[in-house]
Structure formats: C-alpha cells, structure tokens
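Below sits a lone chain in structure tokens, taken as the form predicted alone.
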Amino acid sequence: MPGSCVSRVSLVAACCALLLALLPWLADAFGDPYLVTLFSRILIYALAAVSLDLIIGYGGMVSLGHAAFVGSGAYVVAILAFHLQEGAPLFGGFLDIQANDQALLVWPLAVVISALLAALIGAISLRTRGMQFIMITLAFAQMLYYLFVSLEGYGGDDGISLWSRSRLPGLDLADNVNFYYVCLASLLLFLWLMRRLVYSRFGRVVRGTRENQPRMESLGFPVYRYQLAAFTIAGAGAGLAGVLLANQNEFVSPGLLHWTHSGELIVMVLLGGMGTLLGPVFGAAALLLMEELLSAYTEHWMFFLGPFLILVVLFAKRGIYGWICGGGDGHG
C-alpha cells in the first residue's frame, strides 16, 4: 500500500539521517576517521545522483552528459584557486577580475556557470528525443572532456591540484568533520528543494511530459520550456556536487567530465530507484560502499556489481527504494 510504503521509507530515512548526523562521533568511537571522508564522498555523489534523477526519473530525459556539469563546477573552483596560487590574473588581465577562494563567492559562481552550461546544452539537446537526445548529451560531454584535456595551462590530462579547500567564514573546511557537515547540509537542502519542486505545478507538468508529451503539448503547456528549466536546475545541482568534490579531493581532472562518470551516476539512480528522490541517495551509498568493501579484496570489484544489479531489477521493482517499500509504487 502507498501509505505503508511512505511510512517505511520515512522510518528508514529518519534512521539514516540520525546515523549521518552522528557519524563523526561514531567514527571517533570506532577509531576510524576515514569513515568521515568516505561518507562525505557518498553525500556528494548522492547530491549529483538526485539532480540526475530530476531529469531521468521525473522528466524522462536520459542524459549521458550529466558529468559535464559536475566537472564544470569542479573546474571553476580549481581554475580560480590555480590563478590565486600562481598570482596570475584571470583572462590574462583582459578583464579586471581577481581570482578568489572564498566559498561564498566561488561556489555560487560555479553553480551558476554549471546552470548556464546546462541551459545551453539543453536548449540544443531538447530539440531531439530518445536515442538522439542520449547521443547528443554524450557528444557535448565528450567535447568538454577533450577541451579540458587540451588546456595544458590548467594541467591538461594531469588536472589541477589545489593547495587548500575554499574558505568559508566562521568554519574551517580543512577540518574533515566540518566539511562533512557542509556536504550533509547541502544534500538535505537540495533534497528539500527538489521535493518542493517535483510536487509543485512545475513538477506535475514535467512528470506529465514524461508520461505523454504530445498530450501535454495539446493541453497548451510549453513543454520545451519546462524541460529546459528542469535540465538547467539539474545542471546547477550537479555543479554544486562538483564544487564539493573538488574541495574534498583538492584535485580536479578531466576524468570528472568523462561519459563513464555519467554512467556511474545513472547506475546510482537505477540502483536506488528512479523518480523517488531518496532512491538515488540509497543507490549512491550502496554503490560506493560496495566499491569500498570489494576493492579491498579485488581490483575487479565491478564484476560483482553486475549480478547485484540484476537481482535488484528482478526482485525490487523500483530499486532499493522499491525493496524498502516491499514492491510498492510509492513516490519519495
């Protein structure tokens, strides 16, 4: 039943939120501070997966180029940090713009640039459907990937190393626990915003477009504009994930933009459950924990991922979310 499904998911989500809130203390109690770093990574990828779920699960827009927005957000942070470290002016001094590492300035800028890039790519890609849409998003992502590979001034294929994380007034992000809570707060805020969005009139139109686009068009809805707005918002969320990823690793490379990175995000969405919001969070945690545990025993850990995905598809109608629901069809 949908009601019991919502109750079970709410209970699991509440338990997970409590564990995440207490994680730094638990890690300290078990004498394993690496858990804080691992779960910071899980929270960041969960944020990227939730943003992708907006366009795949709710909008029916299967994109193989979502990593482009993650990478663009990361590169904005890295490029500004690079110029600050080197003392070199941006754009060769052509514009009076100084490099900066202040999170309150750099992070919103990175999110806006990722959103604008998504709007540009979406404006072209959304004029196609189905396989053509998948391929054109893949093509744009690969174009950006090879663009950054070719930028030798920014490390080319070797990427950019950051001397330190961004600076946030009143909070030392160099402390892994502080950074963890920033990641947790970012994910929770984004989930809240996405929940408000998908259950608004805007979200209903986007979901209706996924179900029957010609009918929505015949009802007079500007479907293209709704889809483009959703694609842009998803790009902004991915850009924020890229910002956090750059700060966690203190390193950025073109690999963040590669299509295989987009594939990993799709696997997280499918594993957790499309069109559920919370599902991609479960999917990101399951995939990254499997990688962490299995890679300790074999470098071919992905060999075991295939059978696991098959079992999820066969026995959990909507991924891990559907398994929690007991096969129910409730929405997150």
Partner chain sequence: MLLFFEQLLNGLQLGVMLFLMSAGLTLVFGIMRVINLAHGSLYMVGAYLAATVSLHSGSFLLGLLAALLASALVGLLMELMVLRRLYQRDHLDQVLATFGLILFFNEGVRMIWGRQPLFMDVPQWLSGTVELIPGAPYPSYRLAIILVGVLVALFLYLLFNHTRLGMRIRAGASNREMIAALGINIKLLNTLVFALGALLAGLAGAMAGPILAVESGMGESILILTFVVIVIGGVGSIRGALVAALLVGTVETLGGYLLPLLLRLFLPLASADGAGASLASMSVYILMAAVLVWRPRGLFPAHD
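Note that the structure is a prediction, hence the values are computed from the model and not measured. Residue numbers count along the first chain shown, from 1. What we label the rigid core is the largest C-alpha set whose atoms superpose within 1.5 Å from one form to the other.
FYI, the form predicted together with the partner chain isn't displayed, but the following is about it.
Between the options L294, L64, A27, A285, the residue in contact with the partner chain in the model of the complex by a heavy atom within 4.5 angstroms is L64. In the model of the complex, at least one heavy atom of L270 sits within 4.5 Å of the partner chain. By the criterion of a heavy atom within 4.5 Å, L138 is counted among the residues contacting the partner chain in the model of the complex. Within 4.5 Å of any heavy atom of the partner chain in the model of the complex lies no heavy atom of V182. Contact check for I56: a non-hydrogen atom falls within 4.5 Å of the partner chain in the model of the complex.
The chain is drawn here without the partner chain; in the model of the complex, the stretch among 139-147, 100-108, 71-79, 167-175 whose residues come within 4.5 Å of it by any heavy atom is 139-147.
For the stretch 247-269, the set of residues having any non-hydrogen atom within 4.5 angstroms of the partner chain in the model of the complex comprises W259, T260, G263, E264, I266, V267, in sequence order. In the core-superposed comparison between the shown form and the other one, the C-alpha atom of L289 has shifted by less than 2 angstroms. Relative to the superposed core, L305 shifts its CA atom by 2 Å or more between the shown form and the other one.
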